[in-house]
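A single chain, nothing else alongside it, follows as C-alpha cells in the form predicted alone.
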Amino acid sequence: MFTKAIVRTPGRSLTSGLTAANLGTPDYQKALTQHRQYIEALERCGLDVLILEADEAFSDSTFVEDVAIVTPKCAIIARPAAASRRGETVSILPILEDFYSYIEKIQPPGTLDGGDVMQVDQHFYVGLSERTNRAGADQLIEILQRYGMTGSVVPVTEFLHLKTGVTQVAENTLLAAGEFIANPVFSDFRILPVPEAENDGANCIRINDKLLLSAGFPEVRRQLIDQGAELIEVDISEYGKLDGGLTCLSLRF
C-alpha cells in the first residue's frame, strides 16, 4: 500500500528539457494544468501528495522519479547519466530525509535513473539503458541486498527507460511493449502485450486498488478494463514531448 507521493511543479524552463521525441515544444500553461490533474489522480488513489516548488535551474526536475529510488526500507539517491540533471539530487535529499532514516547514494562511475527501476514486491528489475550503466545497477542491487531485498538487470535497447516499455498492472501481470513482450526475464509473469502504435501506453502506475493510465491509448485501455482494473486516465501529452511518462512525475511510497 502506498500512502505518500512527492511531485515537483514544472518550471518555465521545462520547455528546454531533454528530449529525443521530436514532438514539438511543450505548452507550459497546458503542462501546469496537466500536472494539477496528475496530482488530483494521485489523491484519488488515497495518497498524501507533497508538492515541491519549481526549480528553474533544472529544466527536467519535474521528473522526480529519476533522481531517487524509494523502497520500503530505504531511499537511494540516483546518479543521472545526463550531467545537466545531477544537481537535482541535491534538493531531493533533504526532502527524503524527512521520511527515511536510511538513505544511500549511487557513486561514480555508476549512473542510474529511477525510470529504469521497476519494483515487484521485494524484487527490483533494473534496466541497463542509455541512462543506467552496469556500475550503477550493480551498486543498486548491492544496496537492496543489504536491506533484505533483491534485484536483477534487464537490457534495454528500444526504450529510454525500462519502465517506458514495461510496468506492473496487477498481481503477477505486466503490461509490456516491444522488446519486453517476449523477454525471458519476465517469463514467470502474465504479459499483456501493447500494440506498437500504442507503445507509450505501457507506462502505467499501479497504486493500491487503482491504475493510472495515460490518455489516448484505446487498445491498452480495453485490455486493462478486461482485466477488471479500476482506471484513472490522465492526459500528460506535454510531458510526452520530453520523453516523460506517468511514473516519471512522482515518487510513490
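Nothing here was measured: the structure is a model prediction, and the numbers come from that model. Numbers follow the displayed sequence, beginning with 1.
Same protein, other form: the form predicted together with ligand CIR, not shown, and the subject of what follows.
Interface membership of G115, ligand CIR in the predicted bound form, 4.5 Å heavy atom rule: Yes, G115 is a contact residue.
Contact flag, I6 vs ligand CIR in the predicted bound form, heavy atom cut 4.5 Å: Residue-level check for I6: no, no contact with ligand CIR.
V169, heavy atom within 4.5 angstroms of ligand CIR in the predicted bound form: Heavy-atom contact with ligand CIR at 4.5 Å: absent for V169.
Partner contact for V234 in the predicted bound form: ligand CIR, 4.5 angstroms, heavy atom: Judged by the heavy-atom cut-off of 4.5 Å, V234 is well away from ligand CIR in the predicted bound form.
Listed residue that, although ligand CIR is not shown, lies within 4.5 Å of it in the predicted bound form (heavy atoms), from Q139, T164, T111, S129: Selected residue: T164.
Residue stretch of 187-195, 37-45, 205-213, 56-64 approaching ligand CIR in the predicted bound form, non-hydrogen atom distance within 4.5 Å: Selected range: 56-64.
Stretch 217-252 - residues with a heavy atom within 4.5 Å of ligand CIR in the predicted bound form: Contacts from 217-252: L242, D243, G244, C248.
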